[in-house]
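Take a look at this single chain in structure tokens; it is the form predicted on its own.
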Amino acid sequence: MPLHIIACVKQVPDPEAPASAFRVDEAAKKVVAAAGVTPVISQFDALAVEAALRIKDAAGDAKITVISLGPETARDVVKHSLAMGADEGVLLTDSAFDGDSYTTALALSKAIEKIGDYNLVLCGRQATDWDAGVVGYGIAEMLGIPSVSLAKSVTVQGDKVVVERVLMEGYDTIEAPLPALVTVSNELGEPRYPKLQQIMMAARKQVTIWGAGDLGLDASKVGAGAVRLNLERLFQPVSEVECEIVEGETPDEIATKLAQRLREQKII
């Protein structure tokens, strides 16, 4: 059987949009999308797709399935992944999926189980909107497979995956038996950009739509009643900066006055 790789992708607000274009609805605890700015695929998730494509290029015989969880508009990031070179796309969209990282990981793991016959799951190291970086590991835990984090290189050798994993001062090499899950970091390099012909071909491909019922999940398992993280408040911080200039005739005098001022403020 050909190698089957599943890549998980997420739609996020465009990080290139100016901060002034975003607004936080504190009552609903949600970010209001910038008007006229199209959401995009999360940067690290695009790298997960790129890693899958590099493995496919090397293997010659491989299949890539892309999964996204989100609103109907998230179909666009699935289409983008198909235009990059993925073979099939699945969108999990249902109001029952509104939850937290735990419920997201649960829904994605159930979708992966439904697809079946996979060898490798690839995720971005974190989503570029919340930056939590936990969904991938949650999926691995729920599927009962090994996980490797922060990959700068991913290759498949026989029945194992070989990962160069990013460290603070270099990298190490990790091997894990398949099936396994790997989270991909930006050290992998730039993802390929779809060509016009690929975009047109992707536009004709069908994206499979699944809801909670298709995954055998009821609202009590994925909705607001199942969340493990309680979001207390979401707000835009207000930055208030006060600057005080310490003057003097000589550097020694300035230093003395600065030290005295810091002692008054109980900083030193």
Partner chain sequence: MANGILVAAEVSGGAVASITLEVLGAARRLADQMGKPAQAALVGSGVEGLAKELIAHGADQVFVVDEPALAKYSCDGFVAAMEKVNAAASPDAILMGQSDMGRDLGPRLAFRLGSVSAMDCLNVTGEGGKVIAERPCYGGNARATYSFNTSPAVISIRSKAQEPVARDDSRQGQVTKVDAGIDASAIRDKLVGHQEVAEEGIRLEDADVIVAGGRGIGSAEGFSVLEELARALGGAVGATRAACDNGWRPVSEQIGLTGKIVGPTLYFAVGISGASQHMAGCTGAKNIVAINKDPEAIVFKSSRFGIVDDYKKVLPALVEACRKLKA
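These numbers come from a predicted model, not from an experiment. Numbering follows the first chain given and starts at 1.
There is another form of the same protein, the form predicted in complex with the partner chain; it is not shown, and what comes next is about it.
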- Report yes if any heavy atom of R233 sits within 4.5 Å of a heavy atom of the partner chain in the predicted bound form; otherwise report no. yes
- Query: According to a 4.5 angstroms non-hydrogen atom cut-off, is G138 in contact with the partner chain in the predicted bound form?
  - Reply: yes
- Query: Is there any non-hydrogen atom of D61 lying within 4.5 Å of the partner chain in the predicted bound form?
  - Reply: no
- Message: When the contact criterion is heavy atoms within 4.5 Å, does D252 count as touching the partner chain in the predicted bound form?
- Response: yes
- Answer yes or no: in the predicted bound form, does the partner chain come within 4.5 Å of a heavy atom in every one of D131, I145 and S149? yes
- Pick from D98, D117, D172, E72: which has a non-hydrogen atom within 4.5 Å of the partner chain in the predicted bound form? D172
- Note on the structure: Among 236-244, 207-215, 64-72, 50-58, the stretch whose residues bring a heavy atom within 4.5 Å of the partner chain in the predicted bound form is 236-244
- Query: Mind listing which residues of 9-41 have a heavy atom within 4.5 Å of the partner chain in the predicted bound form?
  - Reply: P13, P15, A19, F22, V24, V31
